[in-house]
Structures are given as structure tokens and as C-alpha cells.
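This document starts with one chain, in the form predicted on its own, laid out as C-alpha cells.
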Amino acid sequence: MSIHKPTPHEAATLHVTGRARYTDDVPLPSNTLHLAFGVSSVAFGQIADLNLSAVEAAKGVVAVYTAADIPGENDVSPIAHDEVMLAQAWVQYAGQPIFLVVADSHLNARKAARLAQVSYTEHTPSLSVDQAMAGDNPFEKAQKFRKGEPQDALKASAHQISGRIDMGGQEHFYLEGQVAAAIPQENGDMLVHSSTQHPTEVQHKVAHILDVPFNAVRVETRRMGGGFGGKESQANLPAGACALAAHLTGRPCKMRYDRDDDMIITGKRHDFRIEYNVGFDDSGKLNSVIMEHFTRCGWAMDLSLPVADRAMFHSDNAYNLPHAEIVSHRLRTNMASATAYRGFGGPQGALAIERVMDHIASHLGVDPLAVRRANFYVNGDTTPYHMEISDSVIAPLVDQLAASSDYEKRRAEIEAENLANSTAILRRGIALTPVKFGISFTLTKYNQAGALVHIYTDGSIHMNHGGTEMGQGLFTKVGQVAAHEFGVTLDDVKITATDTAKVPNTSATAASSGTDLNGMAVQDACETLKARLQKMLRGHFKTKAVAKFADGRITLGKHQIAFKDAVAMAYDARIQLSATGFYTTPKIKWDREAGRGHPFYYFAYGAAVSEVVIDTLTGENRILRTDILHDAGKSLNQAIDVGQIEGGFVQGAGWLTTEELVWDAKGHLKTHAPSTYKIPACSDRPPVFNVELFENENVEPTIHKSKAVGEPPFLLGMSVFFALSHAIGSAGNRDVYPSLNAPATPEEVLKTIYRLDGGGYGY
């Protein structure tokens, strides 16, 4: 059986030996041209004069293009048609592309792009939440979820607290940057190689730019060196630029962002400010939660509306909110448009309610885990968007993790140590935080997938589906599904590049739904082929027995035949050995205006315990140990799922601790290289790192009862943030809650300690 096994990643050997082919490795003709953008140096203004004569005369330059050279639509937006590929009269953020340089080398293109003489009539940019709110120009009216009577319940509560948490954005920092290549074909067609999570969207954008039908554009993606959401819509820009230049020059064109260009031009995770007012009883049980979200979206809409929606969806995390009001403001600001990022708004919403749990515990002087347990969902409860919870396993999962990690004993020891050594420089903290994450695209139409499966006459299997491989193991899992269906080994199955000419009209590989959707589509195609083989063999053996596919053979009652022999027989009998498959997620319905519905097919659950230490003189901190128990349903591949959990946790911890984005007062991103922006390194992972899968299977009939495992583990990093808060709280006035903001850099840790002790501790 190929499923439910810890099978190695299908390209693992290629990855570690450097033989895996990425978009930048695709062989191109010798006459290929290379591109670079000339970008805005101001955050908001009108272009008064654009002199490109020095650019055009520079070494190796073949052509320079502006928006006036685009034959079709000047647009690369995923939704609202509001994001131009090349700026025209106005620039809206520092780093916005204005013109396109086409040269004989990557270096010559970049050098030439810097020679432009551009003058602007500058205007005051809107950069902060306060500026954006004062400007009163949001992307849409404030959205609201409401359940019960939150204002009345707040007033009637025995205890009330209020607070605010600010959380920064996050750079995707995929190992492979944005890259694309376009090769002109006959009759004006275009082949595009793109490092994208959404080949169909790239196809559509290129077609609109060139003013050709979709069938004139073919997009191919074999693999990405990481995506994390940063290649869901951001890949449209370089692909569109390559296609434009290839169309106008008649030569292959390639664009690869340098890391600095990548970080300056592309969008990030949305940063949030969330304010809350909460009412609760003596046990910490919630009565009322009122939250207001403020998110900086950037200059164009991109995917901000669904991101902000998902932050609202996850503002309950694992907790029942009897009376709740959640209001969300989607703010227009003069910076690169924020975009999809692993979790897609869910981590921001969940972080706020976890802050509430922590704040309540501080107010009552109890262990935060006791408050969390008092508020866990039980089946039959309803969310703030009125969806009934029917699959909750959070209470037993947390109980199991608390026991296996020895949480209570360790917390008691840390508390005793911190109290006994009130002036100690090093302080430890510990926290256990849960995760409940909704699985499905909240835009209903994206919950579909297609597949194409061929069986060749030697019994080997070839297939394509609409999902893209970005290192997460999607191709491996889907290959396991096909191997299991036909009863052959994974070595008998080959999945090749995602290609819009083979599987059309695909959804993005996002929302953690890649395996759920594409696995089911492949299974559907396999079942069609199996039915054809069964019908043929029943006639051949004169039996009505049901065919069983296993161990490379097909068995019908007392009759048995090798799979490859049956395939050869089918070919001789002129039976079609190719099939398409299709799948749509059931039960999904969502009324966005009313804030009601069933937007998720199911929930994935998990929890993490993290122990940290801080230096109260410097703010430096370390993760000492992390224990994770995560619900992957009936895992298709335990090795890949554990790898995703480990990576998601570290990336989530990085968002909340080390990864700080800094813009200056003029709107220039100052943290645009590894020298100024710190992602977690190997040395930042916990030296004691225990990860286990929770024994469970999905209550819904997903692919072999598995659950999505791409995004939910990212939220496990919250345990590090609240462990830091615990450690900080022991270093100052314990009557004051340590309102730590994210990212909890050493500077932020130190500032929070300083505030707690009135400016005295450690100075």
C-alpha cells in the first residue's frame, strides 16, 4: 500500500544533489534577452518627467519599454484590475516598476535601469494605520461579524480588560526568488516558464497584457524553490514583463529578481493592529469579545480582502466566543501591496485571541492554560460567523500534549525559579498554545481541481494535475494516491510539470488545499481507468467479481493478471487508457455580506509547548525546547507531514521574534537584504524539538481521511511568543500585563521589560 507511509519526497535526491530543475535552470536559446525594472524612488507622487535616453544608450541594451508599449491591459492584479504592471502618471510606492529594460545580460539590464532620470511631484504618503484611517480611503467598508449581544454581555461581565497588539508583516524569503521566462511561438502564441503557485492566473494576465485569447498562452511550472504565498499573485509581474518583451522583440526573454529587488518590489504578509475589549467570569471563561482589526494593505488591493476576512475567521482560534463582534478595516497605504503568506491572515487573527487568553490569565493570576481550557470549543458550539463546530479534538489533543511534555511540572519549576531569583539576569518562560485552522478557499469557486492520468502500454503511469510543487511534497502525496489506486509502486508513477495546456482552469496551490483538491481529482481519474479495466477483464474472465488492484496485479475472484499485462490487453482491445478527473469540495457556502455560512470543509488542530530564556540586560532570547502534537488526520505521508510541521513552526516563530520589516518616514523599505532582515537560521531552532502526529482521522471523506498540513503548523509558533511574554512578566511588576508586540526582537523584549519596571529593571 503506497498511502499512509513515510515515503521520501519525490525530488529529494535531485534537491540535495543540485540536479532539480527550477525555472532559472530551464535551458533557453542563445539569443535570450534579460530584463530589469526601473523603479520609483518615491512612495507617492506624479511623474513630472521621465528621461530614458541614458538607459537606451547603455551597454547591451536592446529596448526600453513603458506602459505605452503594452498592447493590451496594463494590469497584473489578481482580483480588482487595479495594479498596473508599469506605472504611468502616478507612482504609489517606493520600488514600483516604471519602465522595463531589455538587455543582453542580467547585469547590463540592472545597471542600465539605474541610469534613468526621473523627476516627481511628491505628495505626502500614507504609511501608518493612523494616517490611513485619517485619510478615510479604505478598499471597502469595514467588515463585521456579530454573534449574540456583545456590548450588553461586556457590561454584565464580572471582569473586563482591554488592550491592543501590534504585529508586523513578514518577507517570504523563498530560497528561489521571483523568476520567469517567455519564449515566442508561431502565430503569436507564447510559452511562459514561471515560478508561480497559480499558473492559470499567470496565463490570464499574460493573455490580457498581450491582448490574445487564453489559448494562445501556455504556462509551465515544474517546481518552485519555496513559495509560502509569495508566488500566488506576485509572479504575475515578472511573467507579464517577460511575455511583453518577448512579444515585442520576437526573442526569448528572461527576468530574475535580485534579492534586494525582490524584497523591495514584492508584497509581504499583512501587518495588523488589533484592539480588544473582553468580558469574562472568575474562572476566565469568556462572556464577550469585541475586536477591531486594522490592516495595512498597500497601494493596490491584491488579495487583501480575503486575507483580512480570514483574519476575522480565525479571531476565535480554538475558543467559543458566546457574544462576539469583530470589525475589520482594510487600509490603503503607500507601500508594496501586501499579499498572500502562509496562513493567509489566520495567524494574525489567532494571535490576537491568544493575547486575550494570556491577558485574562495575568489579570486573574492563573496559569494561561487553565483559561484556554475553560474556553475550548466543544462540538455543537458555533463560531462568530455562525458555523457549527462538529469535529473538535482540541481538548484531548491539548491534554495529551500537556502530559507528554510535562507542562505543568515544568511551568511550576520555572515559576519557582523566577520567584526565588528576582534579580536574575536570565529568565525562563513557557507557554502552551492551541491551533484550530479552517481548510478551504473562502472564495467558493477556487475549491475545484482537475487532473489528467495516462497509462502507457508497459504499465507505467504518467499524470498531471493543477497543483504546483514548491517543496511541500504535493507531487509525492498525489503520486502515492495514484500508486495506491492502481496497486503499483510509486516508482511506476511519474508526475510532470504543471501545465495549463494539460490541465486547464486551475486554482492556486494555496489555502492548504493542494493535496485535498488534486488528490481527489487524481483519484477520480484513476477510478475511471480502473472501471474500464475491470469491465474488460470481467468480459475476458467471464466473471462479475470486483477487481482488486494490489501488488502490481489485478485480482477478480479466482482470476489474477499482472497490471501491465492487463494494460497491454486493454490497448489491444482499443480501450482508452487516458482519463481526466475532477473534484469540487462539498458543503462550502458563504454569505460574505451577512457574515454567515459554512466557509470551511473541516478544521485542522494542533498545539505546541515552547520554553524560552531571555537576557534581561540585552533582550536576547532563545528557544530551549518545543513539543508539538498536530492533527494531520490519517496522514498520507508521515515524514512529509512532520517536515511541514517543523518548518511551519520555525517560520511562525520567525515571524513573531526575528523578522522585522522597517520603513523610513519616506516609505522606503530599509530591511531589504539578508544583512538587515533576519529569518530563523538552523541555530535558532529548538535544541530539543519533539514533533508527533495526533492519532485521528478526518470526519469528512477527504483523500483517504487525511488533513491539510501546509498552513496550520505556522500558528504553532505562537507558543514561542507567549513563552517570551511569560519570561518578561517575571522580570518586572507582576501586577502589570507585559503587552509584548510582534516581532519580539531583542529590542522589543527589552522595551517591554523596561515598561514593566517603570524604567528601572536591569539599567
Partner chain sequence: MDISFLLNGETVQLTVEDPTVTVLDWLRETQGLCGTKEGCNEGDCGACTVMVSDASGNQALNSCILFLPQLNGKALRTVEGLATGDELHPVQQAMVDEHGSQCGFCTPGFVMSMATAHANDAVDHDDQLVGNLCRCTGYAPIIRAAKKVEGAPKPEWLGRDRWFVDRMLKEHDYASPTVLYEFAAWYKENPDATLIAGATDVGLWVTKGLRDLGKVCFLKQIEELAVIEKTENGLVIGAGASIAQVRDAVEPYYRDFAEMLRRFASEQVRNAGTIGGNIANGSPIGDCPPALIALGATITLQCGFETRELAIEDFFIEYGKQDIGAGEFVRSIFIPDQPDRVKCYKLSKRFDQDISAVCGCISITVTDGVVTDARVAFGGMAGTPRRALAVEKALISKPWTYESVAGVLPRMMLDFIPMTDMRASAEYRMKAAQGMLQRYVLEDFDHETRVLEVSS
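Every value quoted in this text rests on a predicted model; they were computed, and no experiment measured them. Numbering follows the first chain given and starts at 1.
As for the form predicted together with its partner chain, it is not shown, yet the points below apply to it.
Query raised in the report: Of P680, G667, P306, P252, which residue is found within 4.5 angstroms of its partner chain in the predicted complex when only non-hydrogen atoms are counted?
Result: When its partner chain is considered in the predicted complex, the option within 4.5 Å is P680.
Query - Contact residue in the predicted complex, from A324, I495, M470, I455 (heavy atom within 4.5 Å of its partner chain) - result: When its partner chain is considered in the predicted complex, the option within 4.5 Å is M470.
Query raised in the report: 638-646, 387-395, 121-129, 149-157: which one contacts its partner chain in the predicted complex at 4.5 Å, heavy atom to heavy atom?
Result: Looking at the other structure, the answer is 638-646.
Query - is_contact(G365, its partner chain) in the predicted complex, heavy atom dist at most 4.5 Å - result: Close contact is absent here: in the predicted complex, G365 is far from its partner chain, nothing within 4.5 Å, heavy atoms only.
Query raised in the report: Given that the partner is absent here, does E171 sit within 4.5 Å of its partner chain in the predicted complex, heavy atoms only?
Result: Contact with its partner chain, yes.
Requested in this report: Answer with yes or no whether V481 is in contact with its partner chain in the predicted complex, where contact means some heavy atom within 4.5 Å.
Outcome: Heavy-atom contact with its partner chain at 4.5 Å: absent for V481.
**Report entry** its partner chain contact in the predicted complex: F603, any heavy atom under 4.5 Å
**Finding:** The answer is no: F603 has no heavy atom within 4.5 Å of its partner chain.
Requested in this report: Just give me the residues of 6-37, first to last, that have a heavy atom within 4.5 Å of its partner chain in the predicted complex.
Outcome: Contacts from 6-37: P6, T7, P8, H9, A12, T13, H15, V16, T17, G18, A20, Y22, D24, D25.
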